[in-house]
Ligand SMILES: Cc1cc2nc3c(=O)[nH]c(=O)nc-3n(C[C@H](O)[C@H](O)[C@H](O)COP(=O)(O)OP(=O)(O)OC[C@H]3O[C@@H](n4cnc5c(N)ncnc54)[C@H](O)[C@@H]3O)c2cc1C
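Encoded as structure tokens, the following chain is the form predicted alone, with no partner shown.
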């Protein structure tokens, strides 16, 4: 009997649209919504299981922690109008609790400004925005190639074709996809993004600190936040700690157990200024999270890098001032520049 071996070839499906946006954070969804409002067929590809990027909340039955972006402000007319829409829809709320600055000796009040948070989670306004768009989650983009007919986008499970492409990713991830020697590649390579280790913990009794959150300018913590003093975060006594960029960079590949121990010890050292050790309730570490690309250092760059002759644009807060508002304005500018 002769056996026949047949090789099976599985071809990826090919999808077409007017614009592909890579990344479903604030910049990507702002770009996609703007282009969709302009009548374009838009598809958003996101490697994770949901939208938001660094507008992230770790929510569990025993509490929740905003472990990425802590709040946002609104200064431009454009973004203030968007925030007002979110306020009207109950998707964001003002955060008016006291924010302090600690320099190791003196506790002062942070400069007064209107701060907002998503409710009940930081990503709530982005979940609402994504619901009206074609967003494909768990879709990792592995390669982008330009041809005479537009862009070919390869993912872990499908292929996409579009005349226009927006990369709304951290600079290093955009750089990895762009052709070496191109202007867009050079721009992404010029941005330096800093990491941040985050520690999420809770305590068994209220600490009653004299602030809801504090910028720390002493030691290697940069931020302490009592998450439950944000609107609609009532469960547990949850705290978020952020390490400085310098410390996070020096320990970028450290074991999570080491990071947990060091940040917890530093937290205890800072707390001793307000609470004697014997008065500290038991503290439980819940999660350690590493943000490899937390924010960009200051550099000269346009709000959005738009190359209309190539059908390409880059967007993200790394192109602006590392704020959520900057990400939003960057995404809108990228969409208008390509599709306007």
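All figures in this text were calculated on a predicted structure; none of them were measured in a lab. Positions refer to the first chain, counted from 1.
In what follows, reference is made to the form predicted together with the ligand, a form of this protein that is not presented.
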| item | value |
| --- | --- |
| The ligand in the model of the complex: contacting segment from 256-264, 82-90, 201-209, 67-75, heavy atom within 4.5 Å | 67-75 |
| 4.5 Å heavy atom contact, residue 55 to the ligand in the model of the complex | yes |
| Touches the ligand in the model of the complex: residue 141 (any heavy atom, 4.5 Å) | yes |
| Residue 168, heavy atom within 4.5 angstroms of the ligand in the model of the complex | yes |
| Contact of residue 17 with the ligand in the model of the complex (heavy atom, 4.5 Å) | no |
| Contact residue in the model of the complex, chosen from 286, 40, 295, 60 - any heavy atom within 4.5 Å of the ligand | 295 |
| Joint contact, 22, 242 and 324 to the ligand in the model of the complex, by non-hydrogen atom at 4.5 Å | yes |
| Partner contacts for 30-54, taking the ligand in the model of the complex and a 4.5 Å heavy atom cut-off | 45, 46, 47, 48, 52, 53, 54 |
